[in-house]
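In the block that follows, a single chain appears as structure tokens, in the form predicted alone.
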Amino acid sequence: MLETLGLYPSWYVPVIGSAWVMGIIGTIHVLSSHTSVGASWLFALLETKAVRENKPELMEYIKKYGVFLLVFSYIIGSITGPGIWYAITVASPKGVGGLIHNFVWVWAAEWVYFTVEVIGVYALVYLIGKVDPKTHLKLTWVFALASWATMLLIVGILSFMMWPGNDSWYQTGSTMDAFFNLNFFAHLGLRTAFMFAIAGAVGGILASTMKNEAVRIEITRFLSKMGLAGVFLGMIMWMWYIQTLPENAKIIMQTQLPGYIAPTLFAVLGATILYFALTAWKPLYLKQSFAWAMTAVIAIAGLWPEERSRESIRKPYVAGQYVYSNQLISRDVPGKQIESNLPMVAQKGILATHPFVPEELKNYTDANRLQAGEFVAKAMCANCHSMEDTGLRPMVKKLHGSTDVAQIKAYLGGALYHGLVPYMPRIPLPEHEQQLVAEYLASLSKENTQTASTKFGSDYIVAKGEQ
């Protein structure tokens, strides 16, 4: 009987790798979507104040911010949202398939709330002054609750991607066991805190343009208090979130993340606190360029490293600690009648069981053994490692530029085969594929060394010529 693994073609992105593609799209989407959810609560709280204290002048700001959201969040978010799912579907189709099998009705519910959210933001903007204030206030609260409900449902899926947190889901396959995982509430609290902080920062872009000075001062202070509340709540939620992570994620945080990430995040945290404290103390110091700069700092120096770190610490898995990022199923899941792929990989290898192996590589020869090694290496490694000397975790640098085939093969057949590296997947390749992959990886280092040598030679000739 023909036995094949349920694998799809690999999506290899030269230079930066597929992970960076997902990270870039994800960062833009998180910025726009969290701003929208946070702003919806800002609108609800600010409009409640306007109705209770009879301050209709506050509604001018709500309308201005609402129109800004329609472009900033709902156009950008509507492009990047499907973009994320398209990117992860081609990068990790098995992982996405696992999520759909677990959460199809959760996703359906999320789309219902998202529809209400979109209708809500249009109603909020275009019905100001056209319906009585109390009716409009009810619509605004519906918009806020629907927006937060979309976040709540998506967080349940995202936190399951980190891990279920206990053995229940593996045995039952229940959606509830998957959704209410160990990581869920801390993750939801963390994102809720961030939505308040980023909505406060982005809101300053509009508040600084208000012509009525008294209104400008009142709204800026409101934004500052909301932003500070978000920052301090976020610090508490972060400490809780760390406690809910699996052990391999904690090891990656301590040993594998770039050294600049932690100090950069602390610097952004400090700058954000100072920004909100200053704008609360001296609201008229807030200029539009200042607010744009603060938003850019949070997005580029805060959100990007954070999203990159979150993606990194989940590895080598993409879903529930049972689907590797290279699409292999790493363990049995009786609750879903799913069996591990690893025994078949150990027995037959990738070239004999991957359904998309080119015909000429199934029976490789001395002439194409490097191509066979490249196929196996990219299928098993490229989702986390760039095969160039740039991009995410370049393989050449991970192997310290080694060109020793025997040494690389010993690693593949030792620690990697037996799963002895906490942050790496167990990949039990048969011996002949260990040899092929080792030859290919060694060739990458040789090629890199020759390129560097040629460049040095060219630079030396140019330098001599300039003398």
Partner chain sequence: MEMDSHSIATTLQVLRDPAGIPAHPVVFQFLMVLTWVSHILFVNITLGSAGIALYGFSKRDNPFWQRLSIGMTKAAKVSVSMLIVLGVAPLLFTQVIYDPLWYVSNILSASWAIGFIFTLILGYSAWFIFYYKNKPNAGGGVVWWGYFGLAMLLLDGFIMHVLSYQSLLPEQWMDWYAPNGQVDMSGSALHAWQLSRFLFFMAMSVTVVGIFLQAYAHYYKVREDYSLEYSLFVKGVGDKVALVGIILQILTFTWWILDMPHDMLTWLNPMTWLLFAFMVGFAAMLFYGKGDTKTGYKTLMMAIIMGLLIAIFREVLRVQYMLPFDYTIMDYKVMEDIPSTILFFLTLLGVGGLVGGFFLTALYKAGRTKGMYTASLQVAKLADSAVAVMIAWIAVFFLVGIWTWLRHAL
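Numbering follows the first chain given and starts at 1. Predicted model only: the values in this text are computed from it and were never measured.
The form predicted together with its partner chain exists for this protein as well; it is not shown, and the discussion that follows is about that form.
J.: Looking at R308, K336, R314, H385, which is the one with a non-hydrogen atom within 4.5 Å of its partner chain in the predicted complex?
T.: That would be K336.
J.: Select from the listed residues L233, V268, V116, L206 the one whose heavy atoms reach within 4.5 Å of its partner chain in the predicted complex.
T.: Checking each option against its partner chain in the predicted complex, the one that comes within 4.5 Å is V116.
J.: Quick one: is L274 in contact with its partner chain in the predicted complex, heavy atoms, 4.5 Å cut-off?
T.: L274 lies outside the contact set for its partner chain.
J.: Report yes if any heavy atom of S10 sits within 4.5 Å of a heavy atom of its partner chain in the predicted complex; otherwise report no.
T.: Taking the distances in the predicted complex, the answer for S10 is yes, it comes within 4.5 Å of its partner chain.
J.: Could you tell me if Q347 has a non-hydrogen atom within 4.5 Å of its partner chain in the predicted complex?
T.: Residue-level check for Q347: no, no contact with its partner chain.
J.: Answer for G129 alone: is it within 4.5 Å of its partner chain in the predicted complex, judged on heavy atom distances?
T.: G129: yes, in contact with its partner chain in the predicted complex.
J.: Check, residue by residue, if V96, W148 and W240 all come within 4.5 Å of its partner chain in the predicted complex, counting heavy atoms only.
T.: Yes, each of V96, W148 and W240 comes within 4.5 Å of its partner chain in the predicted complex.
J.: Can you pick the stretch from 426-434, 49-57, 63-71, 399-407 whose heavy atoms fall within 4.5 Å of its partner chain in the predicted complex?
T.: One stretch meets the cut-off, namely 63-71.
J.: Within 344-366, which residues have a heavy atom closer than or equal to 4.5 Å from its partner chain in the predicted complex?
T.: Residues within 4.5 Å: P355, F356, V357, P358, E359, E360, L361.
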